[in-house]
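In the form predicted alone, a lone chain appears below as structure tokens.
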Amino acid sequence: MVHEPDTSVLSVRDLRKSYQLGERSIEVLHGINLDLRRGDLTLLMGPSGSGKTTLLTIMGLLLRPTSGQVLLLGRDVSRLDEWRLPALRRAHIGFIFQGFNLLSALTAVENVEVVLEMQGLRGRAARRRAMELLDSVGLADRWDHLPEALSGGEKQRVGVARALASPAELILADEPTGNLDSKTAAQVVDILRHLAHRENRAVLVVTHDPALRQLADQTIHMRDGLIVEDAKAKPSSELAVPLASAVQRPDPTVPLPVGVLPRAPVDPPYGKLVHHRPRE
């Protein structure tokens, strides 16, 4: 993929992180440099203990580095006051978790609506937008199901739809396929690839699955707190597993189905969260 200048959503420069254990200082990140660019799906791979989670947590503005810079949309945010960070996360960073983190008392559509309500969208407009997002990940017929009635892959797709509900330019996915079979994992990552390409967002996926490399624009390998490989890749037009019809679009030049992904203007940018009552 050819990038225009200044397309990096997030960059880290000479990033280091140390922990103090008694009198010992243990450095777990040793001068990391990388860029996450608009329109790219990036995989972050490496063995357990390589520093992937620490790096992801710092990039998500949930943990401060010991030294180095974290540049979000060109602005160094690594030393900002703690009280400024939640607003930056809400505005610019979306998270997808291995454990789904869905609200068990809310249906699939209500789980997505919660994010929209935090941005100020209400009532029928929020419901309509949430339905569009669920449709875009192939869950239009599961909108009224509680999480306990959804499969692991369906729960993760609700998590993706929830990330889509945010205007965030950066999506960070922490082992989103760890609890999924290989076919479902490929479906979820392919949705994220289309999210990066169609919405011009930067998407980072932490994974241990080498089969997903064919879907990535960039693959970063870590070992012992260092980047040992940073490779660009061209996604294959022949996927390892067949995808569901809602996401079977390996060619990024082919339009997605109806419902993907109109951006709803939100005013004000941060609204008061309205709590849903549990279903009776």
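Here the structure is a predicted model, which means the values were calculated and not measured. Heads up: residue numbers just count along the shown sequence, starting at 1.
Keep in mind the form predicted in complex with a small molecule is missing from the figure; the text below concerns it.
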With the small molecule left out here, work out from 47 to 55, 65 to 73, 31 to 39, 213 to 221 which stretch has heavy atoms within 4.5 Å of it in the predicted complex.
-> 47 to 55
Looking at the partner-bound form in the predicted complex, is residue 175 within 4.5 Å of the small molecule by any heavy atom?
-> yes
Find out whether any non-hydrogen atom of residue 208 is located within 4.5 angstroms of the small molecule in the predicted complex, and reply yes or no.
-> yes
